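In the C-alpha cells that follow, a single protein chain appears in two forms: structure 1, then structure 2.
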Structure 1
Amino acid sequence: MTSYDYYSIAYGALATVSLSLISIVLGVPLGLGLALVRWSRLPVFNQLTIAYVSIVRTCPTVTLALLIFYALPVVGISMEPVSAGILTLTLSTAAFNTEIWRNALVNFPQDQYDAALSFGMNRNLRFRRIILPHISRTSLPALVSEMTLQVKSTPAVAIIGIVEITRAAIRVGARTYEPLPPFIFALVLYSLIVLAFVKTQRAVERRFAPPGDH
C-alpha cells in the first residue's frame, strides 16, 4: 500500500464520519419534534409517527438506503447518492431518538410542570425553560449511546455507491490485489473513531447517571 492508499482510506473514514455527524445533527431535533407529536397526541400525525418508528426501527440501514435511493424515484423523488445517504441515516437515527425523547417526556416529573403552571408560564415558555433543559439532561446518555450505534451503521450507505471507508478500502484492495491490508487499516482507523464515541458515552453515563446508580 502506498501512502496515497492510506490517505484515500483515511479520507473515506472522514466521509463516513461526516455523514454520521450530519445525520446526528439532523436526527436529534427531528426525533424531538416527532416525540412532541407523540406526546401531544396530534391526531393522524401521532399514528403516522408510531408507524414510522415501528417500521424504521426494525429496518436494516442497508435496506432503507436501497429503498430510498432506488424506490423514491419511482414516485418522482430522485436524489444524489449522498443526499439519499444522509436522508437514510437521518430517518434511521431519528426513529430511535423519537423513542428516547418520548421516554424522557413521559417521565417528566409532574410537580415541576405544575410549578411552571402556577407561575403562569405560557406553553412555549414552559417547554423552553422548564421541560427542554430537564429532558435534555435525562435523554443525553441514551442519545449518545444511539450516536455510537449510528456511527457503526453508517458504512451501510456504501451500498448506494457513496465512496466512504468501506468502498475506499475495496478500491485499494482491488488495485493492489491484496484486499486484507486496506481492510485492517480501515478497521483500526474506524475503531479509533468509534472508541472516541464510546469514551464520550461512558463519560456522559458517569456524569449523568441517575442517583443511586453507579
Structure 2
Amino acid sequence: MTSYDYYSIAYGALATVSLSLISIVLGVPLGLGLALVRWSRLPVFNQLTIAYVSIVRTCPTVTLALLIFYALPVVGISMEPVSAGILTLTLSTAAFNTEIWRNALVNFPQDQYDAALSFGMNRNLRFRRIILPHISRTSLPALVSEMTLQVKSTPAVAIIGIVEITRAAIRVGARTYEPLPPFIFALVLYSLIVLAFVKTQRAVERRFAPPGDH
C-alpha cells in the first residue's frame, strides 16, 4: 500500500465519523422524544411510534438505505446520497434509542417522582430537574453501545454511493490486488473510533457520578 492508499482509507474514516456523529446527534433526542410519546401513551401517536420502532428495528440498514434513496423519488422526494445516508442512519439509531430511553423511563424510581410532586414541581420542571438527569445516567452505557453499533452500521450506506472506511478499503484492495492490508488498516480505524466512544462514555460517567462513586 502507498501513502495515498492509506490517505484514501483515512479520508473514508472522516465520512464514517461524520455520518455517525450527525445521525447520533439527531437520533438520540429523537429517540427520547418518541420514548416520551410511548411513556405518556398519547393516543394515535403511541401506536404510530410502536409501528415505526417495530418496522425499523427489524429492517436491515442496507434495505432501509435502498428504500430511502430509490423509493422516495417515486413520491417526489429526491435526496443526495449523503442526505439519504444521514436519514437512514438517523431513523435506524432513533428506533433503538427509543427503546433504551423508554426502558429508563419505565424503571424510573417512583419515590423520586413522588418527592418532586410533594415539592410542587410542574411537569416540565420535574422532567428537566429530576427525570432527565436520572434517565441520562442510567441510559448512558446502552446509548454508547448503540453508538458503537451505529459506527459499524455505516458500511450499509456505501450501497448508495457513499465512500466510507469499508468502501475505501474495498477500492484499494481491488486496485492493488492485495485486500488484506487495506482491511487491516480499516479494522484499526474502526477500533480507534469505537475506543473514542468508550473513553468518552467513561469520562462522562465519572463527571456525573455521585461523589462517593468516584
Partner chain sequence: MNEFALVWEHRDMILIGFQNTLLIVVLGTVGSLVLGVLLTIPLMSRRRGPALIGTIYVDAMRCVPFLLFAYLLYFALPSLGLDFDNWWTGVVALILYNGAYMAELFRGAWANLPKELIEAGQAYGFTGWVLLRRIILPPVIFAAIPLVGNQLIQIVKDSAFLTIIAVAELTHEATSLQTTYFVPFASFLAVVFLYWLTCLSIESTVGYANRLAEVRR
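What you are looking at is a predicted structure, and each value in this text was computed from that prediction instead of being measured. Residue indices: 1-based, along structure 1. Definition used throughout: the rigid core is the maximal C-alpha set that superposes within 1.5 Å between two forms.
- Shown first, as structure 1, is the form predicted in complex with the partner chain.
- Assigning each C-alpha to the better-fitting of the two rigid parts between structure 1 and structure 2 places residue 141 and residue 54 together.
- The chain behaves as two rigid parts between structure 1 and structure 2, and the smaller of them turns through 14 degrees against the larger.
- With both forms fitted on their core, the C-alpha atom of residue 184 sits 3.4 Å from where it sits in the other form; this compares the forms between structure 1 and structure 2.
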